[in-house]
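Take a look at this one chain, the form predicted on its own, written out in C-alpha cells.
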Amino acid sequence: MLDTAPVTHPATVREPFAQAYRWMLLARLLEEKLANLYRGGKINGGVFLGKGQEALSASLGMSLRKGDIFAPLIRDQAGRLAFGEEVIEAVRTYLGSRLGPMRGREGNVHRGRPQDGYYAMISHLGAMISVVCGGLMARRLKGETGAVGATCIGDGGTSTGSFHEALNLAAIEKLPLVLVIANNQFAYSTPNHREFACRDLVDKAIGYGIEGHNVDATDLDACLRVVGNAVERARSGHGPQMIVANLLRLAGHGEHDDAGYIPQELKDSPVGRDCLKLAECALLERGWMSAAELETLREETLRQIEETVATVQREPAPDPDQENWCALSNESLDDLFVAR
C-alpha cells in the first residue's frame, strides 16, 4: 500500500505545469460552449461537464504516451485533449457531424479511436476496466511490452461487480493498469457514506493486493506528481495502480441536473476548490505567466473553439438513405478487402 511515492515527475517545473493548464483551460472553455449549445437545443443527448476535474484528467492524459491505452469517462475532456483528441473531433461528435470520428451515429460521449489506443467509453460503470485489461492481455499475448493501460471511474462505480471482477483480474495478472477514481463525493446524488463503509476508497487497494495512492485533485502540482508516478510504476512492472482523487463536481451530474443536493458547506470546503483557478494563481505567483498572458491565452482559446463550432455547424449530418449502417470496424475491413 502506497500513501506517498518518490517523485519522478517534478511537477513544479514550469513547462509541464503550464501545458497542463492549457489543456485544462481548453477543456473548461470547450465544455462551457457545449453546455450553451445544449441549452440552445443544438445538441441531442446529454452533456456532462468535467468542471473541477480538469487537473486530474489533464495529468493522466499527459502522463501517457503513444502506444498506451486510454479509456476515459464522461468528465475527462481535459485528458482526452492531452492524449491527442482534436477539438474538432469532440465538437463533431456532439453536433452529430457525418465527418466526425463516430460518423454522427452515437450519443456524443462514446467516441474514440481504438486503433490508436483511445477507447470509446461504455456507459455501464466499471465496464471499461475489463476492456482495458483485455487490451493489455492481448498485447502481452502478442509479446508487446512497455505499454500502460489507464481508465477512469467515479466513486459510485467502485460499488459495481464489474469494478471488482476487472480489478481482481488485473491484480492476479499483474497488468500495467492505472485506475483513476475521481471521488467527487456523490454517485449522482448519493453521498459517499451511503456508497461504501470503508474509511477511504484507497483502502480497497489492500484487498486486491495492489498499490494505492491518494491525491488532492484540486492541486495540479499534486496531480502531475502522483498520477505521473503511478503511470511510471505500472510501466516499470509494479502491477496495477489505483489512484483515489478527492474533489467535488462543480456542476450537476449533467446539464439536466442542478446539483441541489450538494450542501453549501461542502462547496466551501477545501475539496470544493476550483482546480483551474488554483492553477492560474500558481502561474501568477511563480511568475510563470502574467495576467496579460493568461488573458491572451483565454481569448485565443475561445477564438479557436468558436471557429471550430462554426465550421462543424456547416457540416452535414448522416443521411439515413445513403448511410452504410454496418459497424464502423466492419466497414474499415470491407474497405481494406476492396483495396486488395
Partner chain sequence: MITYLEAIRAAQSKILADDPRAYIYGQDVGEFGGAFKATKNLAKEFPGRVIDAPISEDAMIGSAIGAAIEGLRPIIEIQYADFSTPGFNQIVNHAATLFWRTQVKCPITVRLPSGGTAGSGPFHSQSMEGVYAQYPGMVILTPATVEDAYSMLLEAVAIDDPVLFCEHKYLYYHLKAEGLPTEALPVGKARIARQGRDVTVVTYSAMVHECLAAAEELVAEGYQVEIVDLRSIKPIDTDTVLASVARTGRLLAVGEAWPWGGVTAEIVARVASEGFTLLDAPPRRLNAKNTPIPFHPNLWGTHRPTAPTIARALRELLRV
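Residue numbers count along the first chain shown, from 1. Quick caveat: nothing in here was measured; it's all calculated off a predicted structure.
The form predicted in complex with the partner chain exists for this protein as well; it is not shown, and the discussion that follows is about that form.
A heavy atom within 4.5 Å of the partner chain in the model of the complex is found for one listed residue only; from A147, M137, L201, L95, this is L95. Interface residue among G84, G239, G254, G104, judged by heavy atoms within 4.5 Å of the partner chain in the model of the complex: G104. Mapping the unseen interface onto this chain, L125 counts among the residues with a heavy atom inside 4.5 Å of the partner chain in the model of the complex. Using a 4.5 Å cutoff between non-hydrogen atoms, H164 does not count as a contact of the partner chain in the model of the complex. Among heavy atoms of G157, some come within 4.5 Å of the partner chain in the model of the complex. In the model of the complex, no heavy atom of K267 sits within 4.5 Å of the partner chain. Within 4.5 Å of the partner chain in the model of the complex, a heavy atom is found for all three of N44, E195 and E323. Comparing 172-180, 221-229, 95-103, 201-209 against the partner chain in the model of the complex, the single stretch with non-hydrogen atoms within 4.5 angstroms of it is 95-103.
Residues of 187-224 that come within 4.5 Å of the partner chain in the model of the complex, judged by any heavy atom, are A187, Y188, S189, T190, R194, E195 in sequence order.
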